[in-house]
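Coming up is one lone chain in structure tokens, specifically the form predicted on its own.
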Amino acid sequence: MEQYQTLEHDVVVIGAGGAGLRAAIEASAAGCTVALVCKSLLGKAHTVMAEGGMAAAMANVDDRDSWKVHFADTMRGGQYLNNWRMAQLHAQEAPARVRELEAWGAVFDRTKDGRILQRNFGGHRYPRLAHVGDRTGLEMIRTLQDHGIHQGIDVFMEMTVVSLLKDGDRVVGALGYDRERGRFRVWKAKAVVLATGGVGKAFRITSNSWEYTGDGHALAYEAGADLLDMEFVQFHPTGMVWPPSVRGILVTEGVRGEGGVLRNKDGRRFMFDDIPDNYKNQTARDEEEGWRYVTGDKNANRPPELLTRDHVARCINREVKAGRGSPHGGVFLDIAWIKEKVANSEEHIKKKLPSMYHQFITLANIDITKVPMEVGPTTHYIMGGVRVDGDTQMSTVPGLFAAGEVAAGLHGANRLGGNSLSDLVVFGKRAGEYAAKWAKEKGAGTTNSAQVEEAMRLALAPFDRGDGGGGGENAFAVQSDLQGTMQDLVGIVRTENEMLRAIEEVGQLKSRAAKVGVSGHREYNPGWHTAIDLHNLLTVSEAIARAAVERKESRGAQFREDFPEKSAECAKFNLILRKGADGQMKVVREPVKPLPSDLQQIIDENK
């Protein structure tokens, strides 16, 4: 086999979004040498797409808010399948992480008396999202990068990691290649942190960019780690639906938080048609009352557009299927109507939602200050991921940590909007802190050259089936077929027969993927990159489908048309997916850990 470059660090962080950057900063601050490996360019992380804000109970706008209410909201949104320890730590530590970002240079929007401004968001009882207009994620990344570059972190951009390296049960490094030239590198490490984001590219319509191919999920799974809650995929209610070239691009929930309403083709505000019983006492029954809520009346009820994302997505799906949708298969999201309530409404919208205004005027030639947007559900986020310890963020494999979207537990069956950004910095910090501690205590392991060479051989195998090897399947065609299967059979509304079909089709696609051939050489070869991504996409797709079949109920982000109600039995377990000794994926039920009495009391008080 060819030579490969070897680099040695105490901690290797894979992924350079909010969680990866925060982990790298913390590990470096603890005195460790740190490598930050990212698939794209620094600054291109998907964190920048998180627009609405970061949830933290700072009580700057409504003094009734507290970490206890935030904890209760998060648990309720997750349908009580959350890792309660993660939900507790997140609610308690998020305000400090927001203030830390401010100290590092983040420029948040302000209240009239100079405090960090907070806005309403779906599922949150009080205005809780600290924000920077509608580009909060971008400001987070800018701040973390500006702070992080001074910490002595070694950054490796445009690198794809293809395998984790182990010494016995322990992870001791990673093998990857640079996407520009195709040359391999081995990063030796005492601890590895996964911060690779989600799996959106397994679906046809997604707000996620090309990097989101489930790399960290699959790397952890192949290394022997448990995956948790993979059935829970969040479909954001509002993505662009027109023109086709931008279908799926996110339209922030902040539009609804600032007063945007959803209407069908008849102009009817349909969200009043289906309000869950447990929300009726909090939800506006007329537009005037809902508008008072948005404009800051503490006693006004919540408008129905700010119900949880799974519920809003299903309501939109229902309108479209009933023939009441917009011309291009969505519904209308109208923020322009606030001209009836706000002087200089056009300037108000441009100030509050600058990115959305620019996005629609540039990509769709629509002025959102004057006319409604067309929106529809888009695959946005996966609650499922690597099973981690709530305090340390270490997976079930020693030396392997995970944080951010690739890690599971905090969000349970459904994530509340805004909890993702605070998740990144709360648990990114913890992952970096405990990875550094592990690295110092355990020292270096040994990497196995035979293991490295086998992983390289597998990565290069598609070239053997290319021009010189008798042809082969096309990687892009296999990926497209997989996305169609997941979109059509394991989407917003699910049935057992369709998901069993999906599992069968994923098996067939695995056989096709094993025959994928690529031509040319390794430099600038997108066909090769796609062939490598396929393994990860197929792994996470199978995990989602198998878990969704096993959970025979509708809960949180999963809606089963054949089991439309919640099941008391299913409320008692989480689903674990792990690789069996025979190489097959196994689904195991794990009892939900009971809440400590003090946390149960908090939930009871906040119901």
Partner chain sequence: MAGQTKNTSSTGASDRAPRTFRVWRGDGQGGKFHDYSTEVGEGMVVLDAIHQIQAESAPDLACRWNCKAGKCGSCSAEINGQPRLMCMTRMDQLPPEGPVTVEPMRAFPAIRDLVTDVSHNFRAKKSIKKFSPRKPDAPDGTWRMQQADVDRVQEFRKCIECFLCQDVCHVLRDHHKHEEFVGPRLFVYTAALEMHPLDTENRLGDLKNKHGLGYCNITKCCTKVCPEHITITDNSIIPLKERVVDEFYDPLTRLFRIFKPAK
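Every value quoted in this text rests on a predicted model; they were computed, and no experiment measured them. Positions refer to the first chain, counted from 1.
Heads up, the form predicted in complex with its partner chain isn't pictured, but that's what we're talking about next.
- At the 4.5 Å threshold, heavy atoms of K44 reach its partner chain in the predicted complex.
- Interface residue remark: R302 is not counted as part of the site for its partner chain in the predicted complex, having no heavy atom within 4.5 Å.
- For the chain shown alone, H147 is a contact residue for its partner chain in the predicted complex, at least one non-hydrogen atom being within 4.5 angstroms.
- Its partner chain is not drawn, but in the predicted complex it has no heavy atom within 4.5 Å of N414.
- Residue in contact with its partner chain in the predicted complex (any heavy atom within 4.5 Å), chosen from E454, E102, E93, D334: E102.
- R110 is the sole member of R110, R268, K515, K321 with a non-hydrogen atom within 4.5 Å of its partner chain in the predicted complex.
- With respect to its partner chain in the predicted complex, the three residues R115, E374 and G520 uniformly fall within 4.5 angstroms at the level of their nearest heavy atom.
- Stretch-level contact check against its partner chain in the predicted complex with heavy atoms at 4.5 Å: of 396-404, 83-91, 134-142, 159-167, the positive one is 134-142.
- Although its partner chain is not shown here, in the predicted complex the stretch 209-225 places heavy atoms of S209, W210, E211 within 4.5 Å of it, in sequence order.
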